[in-house]
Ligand code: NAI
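One chain comes next, on its own, written out as structure tokens in the form predicted alone.
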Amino acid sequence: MCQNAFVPYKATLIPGDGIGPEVADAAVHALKATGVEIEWERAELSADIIMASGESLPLHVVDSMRRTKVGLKGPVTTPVAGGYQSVNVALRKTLDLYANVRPVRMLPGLKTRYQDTPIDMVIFRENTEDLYAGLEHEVVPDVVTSLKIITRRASARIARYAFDYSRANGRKRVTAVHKANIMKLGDGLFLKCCREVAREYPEIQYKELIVDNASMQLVMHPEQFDVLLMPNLYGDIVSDLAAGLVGGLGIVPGANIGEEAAVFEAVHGSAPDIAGRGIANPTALMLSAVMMLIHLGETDAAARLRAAIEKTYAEGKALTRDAGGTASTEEFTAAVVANL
């Protein structure tokens, strides 16, 4: 998608709420410093807007994404055990953003219990079905059923995306994660599709792990994993587990990619307790912006921004509190821009 330098890209900015606007402004500032021209459509979305409109995904957000095809999104508050539907789930289903992509990689200089372990994996999660279809029913009082939806189309599509990515990026191993020993039909179909697709990529090693064993292996020996491929629910849980190995959700990027549109987002929460204090860590959204640049074909700018973020961590002088420093959001951003 790389285009003429004099024609700016068009993209939707969804700042979100809580710390969302702060980290979104930091990411936009870093993107501007790369020299890539982006014309932003700002689509405001917050818990207050959702409650006022009565829709978890108001039309102005969908319309903007359909115009620009590319979005950068901060966190939006989602109520627990009631209230409106998750904005993320609604956005993914409405725009058919079927591939959730979560790179998990150790940043230099960041002190974690795994700091000496070479962790560098990419997690691919099917994004549109499974239990996240949201089909629940109270059969009788206090008895609820939830439907787990697994289809050949969705399973084969995410498997092919993961294998295509692996081939294009020199990844050597794909591990499908499942619970087909118990859910023999649903997860069995997912595995069947993964196996069929894997046969088309003989140069890539393919293996399978039951999700509980995979979780244990991730904690004990995370360096063994290269690419992980899984249905929606397991992918949601395991990708957060993996983020914890490298420092938490504040430093791990995410992308939701479909055939017509893509949204790049920080996957951490809106953290209302620190909103407005200027101490939020914008790393996750900045690294999501790196993924956005790659999607746009601006690979040189993406590499420079990633290198600037990594250099800032390696120097250790301008890190935010959650990363062991004392810097403000603004100071961290200034350091990244200076390292560009």
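For clarity, every value in this text was computed on a predicted model and none was experimentally measured. So that there is no doubt, residue numbering starts at 1 and follows the sequence shown.
The same protein also has a form predicted together with the named molecule, omitted here; what follows describes it.
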May I ask you to check whether residue 75 falls inside a 4.5 Å heavy atom distance of the named molecule in the predicted bound form?
yes
Heavy atom to heavy atom, is residue 281 within 4.5 Å of the named molecule in the predicted bound form?
yes
4.5 Å heavy atom contact, residue 253 to the named molecule in the predicted bound form
no
Contact of residue 271 with the named molecule in the predicted bound form (heavy atom, 4.5 Å)
yes
Listed residue that, although the named molecule is not shown, lies within 4.5 Å of it in the predicted bound form (heavy atoms), from 267, 104, 214, 197:
267
Which of 166, 239, 88, 175 has a heavy atom within 4.5 Å of the named molecule in the predicted bound form?
88
Within 4.5 Å of the named molecule in the predicted bound form, do we find a heavy atom from each of 19, 249 and 322?
yes
So which stretch, 309 to 317, 271 to 279, 34 to 42, 54 to 62, is the one near the named molecule in the predicted bound form (non-hydrogen atoms, 4.5 Å)?
271 to 279
